[in-house]
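Take a look at this single chain in structure tokens; it is the form predicted alone.
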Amino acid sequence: MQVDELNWAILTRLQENARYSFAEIGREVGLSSPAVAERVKKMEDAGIIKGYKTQISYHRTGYQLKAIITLRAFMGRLKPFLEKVKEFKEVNNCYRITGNENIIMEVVLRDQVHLEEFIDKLITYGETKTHIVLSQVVDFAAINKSKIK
């Protein structure tokens, strides 16, 4: 499916706020509400739009720490880890990467004790490095056409 200028305009609005109505988006991009709905449906069907999610403040839900943890898996422990990581409630995002480490995870934790307990679970799979997040400089930056060129 081709992502034309109008589709990019719709995607930009949805990334700003996925709760915008099709009528609101239509007014901004110069299309009718049904035309916007049809384009959104086509982009969903094509897998361009993967879903709609709610962003939650981890601080206001009782989690005091956000950390980035890398894992360098022990020989033969990467595949078991790739299955197990899906069960860890602390993990927000997990990526398999190139370089010295195999995995990078974004995690949220209640406190330092919770961090220690979580690292204890990880060290059976490999060597970890933990980086405590002090602040988030870029928050869910939108993907737009100008970034792709």
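None of the values given here were measured: they were computed from a predicted structure. Numbers for residues come from their place in the sequence shown, where the first is 1.
The form predicted together with the DNA exists for this protein as well; it is not shown, and the discussion that follows is about that form.
The stretch from 52 to 60, 104 to 112, 30 to 38, 88 to 96 that comes within 4.5 Å of the DNA in the predicted bound form, counting heavy atoms only, is 30 to 38. Within this chain, Lys42 lines the site of the DNA in the predicted bound form, having a heavy atom no more than 4.5 Å away. Contact annotation for Ser21: at least one heavy atom lies within 4.5 Å of the DNA in the predicted bound form. Not displayed here, the DNA is kept clear of Val3 by more than 4.5 Å at the level of heavy atoms in the predicted bound form. Within 4.5 angstroms of the DNA in the predicted bound form, the stretch 50 to 64 places no non-hydrogen atom at all.
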